[in-house]
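Here's a solo chain for you in structure tokens, the form predicted on its own.
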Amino acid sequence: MGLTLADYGTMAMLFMLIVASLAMYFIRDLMHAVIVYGAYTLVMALIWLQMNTPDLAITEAAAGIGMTVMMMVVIYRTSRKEE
């Protein structure tokens, strides 16, 4: 019983999730952390799609896009006030 190509793809995406979550913890610049969060959300939505749960994938993508945009707006507005 060997692993299929889809299994290797899932393992690669799970590794990307681990790397992205560690990167969000260690990145000092907030804008870069938000961009990594957007990538994290995209990979998570792809994993939900691969697991045949499109409803969760759509929810993850919508919530991720909404949160990413809100965080970018807040960071942009607060960084402009400091300058």
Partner chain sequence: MKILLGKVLINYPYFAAVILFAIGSATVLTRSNLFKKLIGINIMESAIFLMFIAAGSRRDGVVPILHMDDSLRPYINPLPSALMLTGIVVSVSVTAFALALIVRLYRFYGTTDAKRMSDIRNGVAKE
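Positions refer to the first chain, counted from 1. Please read these numbers as outputs of a predicted model, since none were measured by experiment.
A second form of this protein, the form predicted in complex with its partner chain, is not displayed here; the remarks below concern that form.
- prompt: Wondering, does Leu42 line up within 4.5 Å of its partner chain in the model of the complex on heavy atoms?
  reply: Outside the cut-off, so no.
Exercise: Leu46 in contact with its partner chain in the model of the complex, heavy atom 4.5 Å: Output for Leu46 is no: heavy atoms all beyond 4.5 Å of its partner chain.
message: Given a 4.5 Å distance limit between heavy atoms, list every residue of 47-79 close to its partner chain in the model of the complex, or none if there are none.
response: Those in contact are Ile47, Trp48, Met51, Asn52, Thr53, Pro54, Asp55, Leu56, Thr59, Glu60, Ala63, Met67, Met70, Met71, Val74, Ile75, Arg77, Thr78, Ser79.
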